[in-house]
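What follows is a single chain, given as structure tokens, in the form predicted on its own.
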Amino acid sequence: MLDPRTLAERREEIVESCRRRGVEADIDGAIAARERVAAAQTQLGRLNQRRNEHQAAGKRKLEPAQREAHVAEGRRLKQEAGRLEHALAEAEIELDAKLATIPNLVHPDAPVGGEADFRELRRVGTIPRFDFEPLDHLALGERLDLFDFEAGAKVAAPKFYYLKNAAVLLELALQRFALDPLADEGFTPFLTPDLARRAIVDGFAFSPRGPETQIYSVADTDLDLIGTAEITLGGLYADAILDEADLPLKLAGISHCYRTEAGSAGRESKGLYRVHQFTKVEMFVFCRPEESEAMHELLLSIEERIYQALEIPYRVVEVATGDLGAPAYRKFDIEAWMPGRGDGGEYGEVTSTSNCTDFQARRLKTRFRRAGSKRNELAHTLNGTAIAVPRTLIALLGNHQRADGSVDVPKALRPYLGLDRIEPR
């Protein structure tokens, strides 16, 4: 969330940022709620000072009548404190609700508009030209006996699936393959829980609760299934004070990811492209504010390194303001070329990396202390996809297919997979 103390002085900047996002937020309501919180805090502070003075006066010798009046006044002050504490709590709840409607500020260079208004930054790699009719990943998967969507729907629900045979080995190989460049960059690897407490999930400000939620919640608990290891990696340092010497703190997490995909449908979501459960290797960084833009470029460079090594052509795009999630200040996507997608092939998103500045850290209370300082500052948080397995499988199978229905394995992946080619079964 934004700093409630600066809402009034930064009002015009926040209004403009929301306008660029196409978001309606009750900024004036949040400012008024912040003023009510501040007023309640002031009243409560003054009353507590009076209570302290009253308690100190009670230590003096008093006549019986004075003692009785003193005790009565103590009860009244206590009741008044309880009333003000309740009023403060209600004002804070109202402020939190108002703040939840206000997204992060946006980078001044981010393109303005919706999903189609991204800015293409570069294209890398050569789109393959086949001398045969290329198959999409579903047809390739059937020929190579890699997936079972019917069994997934029968056992779980539509958009769940089974990976089989070489696809199982590919999933494991891709996870392991992604960890090596992260280790080279000083990332600490984790296998994270697939569940997180609701307070942690909400601290990341991903999506609303209710019918449009993308989050699966576990009944009769305060636990949610995570949509990304960003939640469990960032949650490691909730309510923590980090040493400046430990920053940037770079974490890599392997987890299953669960998403309801409410409202998603259509040709573009078929097969593995949009599913309810998948495995992902995620990058997460805590850093000093002045480092976050450089860290953002680092995360993007790692993502590019991975897809170049997999010999998958791609383009890098900067996401437009109206397509940013609430926490993101700036976001870059890699879209891989997928030969079997659409009519003759299309680009499809395979990674994202976002700079969330201090928006998440404020709610999570993740701070750091500079050397020689006694003041705590909010860290900046960033995230990025190293490998999201299903969409990488789509791009890998499509770009490396051969006329006989086999698929060549990129050279960089062969040591992890133990195969040079995946043959039809």
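Remember, it's a predicted structure, so these values are computed and weren't measured experimentally. The first residue of the sequence shown is number 1, and the count goes up from there.
The same protein also exists as the form predicted in complex with the RNA; that form is not shown, yet it is the one meant from here on.
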- [ ] Classify residue 5 as contacting or not contacting the RNA in the predicted bound form by the rule of any non-hydrogen atom within 4.5 angstroms, answering yes or no.
- [x] yes
Open item on the list: in the predicted bound form, is there a heavy atom of the RNA that lies within 4.5 Å of any heavy atom of residue 66, even though the partner is absent here?
Closed with: no
- [ ] Examine residue 363 and determine whether its closest non-hydrogen atom to the RNA in the predicted bound form is within 4.5 angstroms.
- [x] no
Task: Partner proximity in the predicted bound form: residue 71 to the RNA, non-hydrogen atom cutoff 4.5 Å - done: yes
Open item on the list: Using a 4.5 Å heavy atom cut-off, which residue among 168, 191, 121, 241 comes into contact with the RNA in the predicted bound form?
Closed with: 241
Open item on the list: By the heavy atom within 4.5 Å rule, which residue out of 198, 305, 78, 270 makes contact with the RNA in the predicted bound form?
Closed with: 78
Task: Option from 38-46, 383-391, 22-30, 396-404 whose residues, in the predicted bound form, bring a heavy atom within 4.5 Å of the RNA - done: 38-46
